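Given as structure tokens, the chain that follows is alone and in the form predicted on its own.
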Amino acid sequence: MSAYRGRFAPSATGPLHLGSIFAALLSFLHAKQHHGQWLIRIDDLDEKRCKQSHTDEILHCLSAFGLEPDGAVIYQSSRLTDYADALKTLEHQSILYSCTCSRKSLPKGPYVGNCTHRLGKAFLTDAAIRISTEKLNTHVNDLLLGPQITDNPGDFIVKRKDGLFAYQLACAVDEHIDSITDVIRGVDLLESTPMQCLVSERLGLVSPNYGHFPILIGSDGGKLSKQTSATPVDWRIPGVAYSKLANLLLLKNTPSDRDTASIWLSFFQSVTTPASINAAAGGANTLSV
């Protein structure tokens, strides 16, 4: 059995908020409780939205919260050749095709297949590239949630019209390169799991184990995210954020919000389990801040 290797992969589009720290913390704890390694990978493929200043801020914040990686920080922008090679491998299997559909022209739900007649043909310029999901397995044996069945997304994009490699392709390749054995992330990414597993399978790679936890939502009922300008955490007082997370998880006899990050991490490692997370969420996919 391979040694445990987990990861946290934030996008370099803004500072970390409470939901980000929650995700980083749970993936970190899962790795440490399995005596494994924990890595940080920066999602910085989108040059228009990602900035070095955001990356620096993210890494500084994680360090202040005591969330130090067991290895050098990894950058997706350094792997463009790897993603291109993976795309070429998929192309040789005649399971990709160009798609000229705009997002606005498509109905909500699974891709309707307007461009499937281009399957296996030479790629068009100025078009996205989709992969056939004829053999997609929508069953996920989730480490935290148990057996799950996701919706079929239809043929999904592996390279965007603007030339950027898509999330599903990049992540599948990354997990292989980094020898990731376990991915612990928010339930909002559960539906990405079958897609990433399909890419891995088609590339002849072994998929990691996946576990998904509830996401944090604000008073407006929306997910805490950078896109909604969620309030950044204050790296100078990590105990305050950790105290909020402990309350959400219904943990008792917690350290003070003035205590150091190391004290809090020792506490979390001693009491936080998948069962405690599920109990706090009451079977729901969200936790209200």
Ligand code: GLU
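This structure is a prediction, so every number in the text was calculated from the model and none was measured. We number the residues from 1 along the sequence you see.
One more form of this protein should be noted, the form predicted together with glutamic acid (GLU), which is absent from this view; the next part is about it.
Of the residues L124, L80, L189, C101, just one reaches glutamic acid (GLU) in the predicted complex with a heavy atom at 4.5 Å or closer; this is L189. Among the residues R202, R118, R185, H176, the one placing a heavy atom within 4.5 Å of glutamic acid (GLU) in the predicted complex is R185. Taking non-hydrogen atoms only, S11 approaches glutamic acid (GLU) to within 4.5 angstroms in the predicted complex. The shortest heavy atom separation between E57 and glutamic acid (GLU) in the predicted complex exceeds 4.5 Å. Using a 4.5 angstroms threshold between heavy atoms, M195 stays clear of glutamic acid (GLU) in the predicted complex. When contacts are judged by a 4.5 Å heavy atom cut-off, A86 does not count as touching glutamic acid (GLU) in the predicted complex. None of 165-173, 108-116, 147-155, 88-96 except one has non-hydrogen atoms within 4.5 angstroms of glutamic acid (GLU) in the predicted complex; the exception is 165-173.
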